[in-house]
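Shown below, as structure tokens, is a lone chain in the form predicted on its own; questions about how it binds or moves come after it.
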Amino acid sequence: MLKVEDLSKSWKDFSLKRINFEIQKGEYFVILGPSGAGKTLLLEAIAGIFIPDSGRILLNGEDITEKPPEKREIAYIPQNYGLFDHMKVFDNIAYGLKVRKFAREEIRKQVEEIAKALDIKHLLDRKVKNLSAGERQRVAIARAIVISPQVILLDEPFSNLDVNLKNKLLREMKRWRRELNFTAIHVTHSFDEALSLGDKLGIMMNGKMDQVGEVKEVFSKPKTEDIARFLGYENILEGHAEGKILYSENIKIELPQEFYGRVRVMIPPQNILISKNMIFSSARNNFKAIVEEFEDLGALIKLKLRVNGIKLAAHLTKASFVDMGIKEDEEVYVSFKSTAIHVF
């Protein structure tokens, strides 16, 4: 449906570098990356605010790279929502329909229908400047959807909201997607938004789209060490591989397949089992470890462990942590399957 091919764009002292990805109709594509990665510049290029220096943007097979924004059938919701504060909610939502010269009665019908779907029909006669942040966001989404765009672009849509309101609107966004069946590209630096909403995920860093895939695949199999560290993985080890054995510090780790020479591996902390007794299981990697410290993550406890000269992090549920009565400087047993190891 929407295809970005080798898109590059320099702006001031920053550059997008040969961006490639494709999304299908009805997909919700989340672009995740740190501040300064170029996410907003990419959206603005897709929206037509900037023309790329090279590359193409295709919509349903048509090259729209140099089309003006109003002719692209793409709706863009900037981070500040881009609403007209002096106008009423009705007129904000109706703006795109008026530009397209819809009949007055058709405009009223469509505005009321979308306002009802987004639970803001009671706000139609209010001035936008008098709305809360959550209400403003709903109005911005309604204004985008009412013109029936092929794609909606959302730039950090939840960044101005407090945690409770953000969680509420995340749940509602999932419902709106099901009911309204729109296609979206959503940029954010929030893992919660990516996991909650995304069908497909792109990791963007330093002006490059470093990895694109299904959300689960990207989180479980990051393509590079930089992506793994960005996603919060700590257990990244280096060693010398001889077949299925990795020699790292003073321990031997069984790998999922054969490798040779210097390699780097990642062991997801949620895949490390902890016990106070020797673990008897199908896992081939079993070690004694010392608990150096622990950190409360809410529903989980992160244990920081030392296995000989190697430091590892492991996650335990709070209930398991309490039941086991784990203390600092205590010896425990750790275990993980070779299939849990990701080799870069």
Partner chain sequence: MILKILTVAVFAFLYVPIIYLVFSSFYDDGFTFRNYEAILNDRNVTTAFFNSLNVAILSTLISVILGTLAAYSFKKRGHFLESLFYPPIVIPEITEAVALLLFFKMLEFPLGYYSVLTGHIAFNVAFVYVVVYARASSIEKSIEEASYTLGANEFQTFTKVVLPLLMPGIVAASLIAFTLSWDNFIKTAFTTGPGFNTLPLLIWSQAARGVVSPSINALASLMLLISIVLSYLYVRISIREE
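Positions refer to the first chain, counted from 1. None of the values given here were measured: they were computed from a predicted structure.
Same protein, other form: the form predicted together with its partner chain, not shown, and the subject of what follows.
**Q** Only one of 142-150, 256-264, 191-199, 216-224 gets a heavy atom within 4.5 Å of its partner chain in the model of the complex; which is it?
**A** Only one stretch passes the 4.5 Å heavy-atom test: 142-150.
**Q** Is G243 near its partner chain? Define near as a heavy atom within 4.5 Å, in the model of the complex.
**A** No - in the model of the complex, heavy atoms of G243 and its partner chain never come within 4.5 Å of each other.
**Q** Give a yes or no for E27: in the model of the complex, does one of its heavy atoms lie within 4.5 Å of a heavy atom belonging to its partner chain?
**A** Looking in the model of the complex, residue contacts with its partner chain do not include E27, since no heavy atom lies within 4.5 Å.
**Q** Examine A289 and determine whether its closest non-hydrogen atom to its partner chain in the model of the complex is within 4.5 angstroms.
**A** No - in the model of the complex, heavy atoms of A289 and its partner chain never come within 4.5 Å of each other.
**Q** Heavy atom to heavy atom, is F158 within 4.5 Å of its partner chain in the model of the complex?
**A** F158: no, not in contact with its partner chain in the model of the complex.
**Q** So which of K116, K168, K109, R100 gets a non-hydrogen atom within 4.5 Å of its partner chain in the model of the complex?
**A** Residue within 4.5 Å of the partner: R100.
**Q** Which residue among I120, I74, V187, M173 has a heavy atom within 4.5 angstroms of its partner chain in the model of the complex?
**A** Contact check passes for I74.
**Q** Taking its partner chain in the model of the complex, which residues along 34-51 bring a heavy atom to within 4.5 Å of it?
**A** If the 4.5 Å heavy-atom criterion is applied to its partner chain in the model of the complex, 34-51 yields E44, A47, I49.
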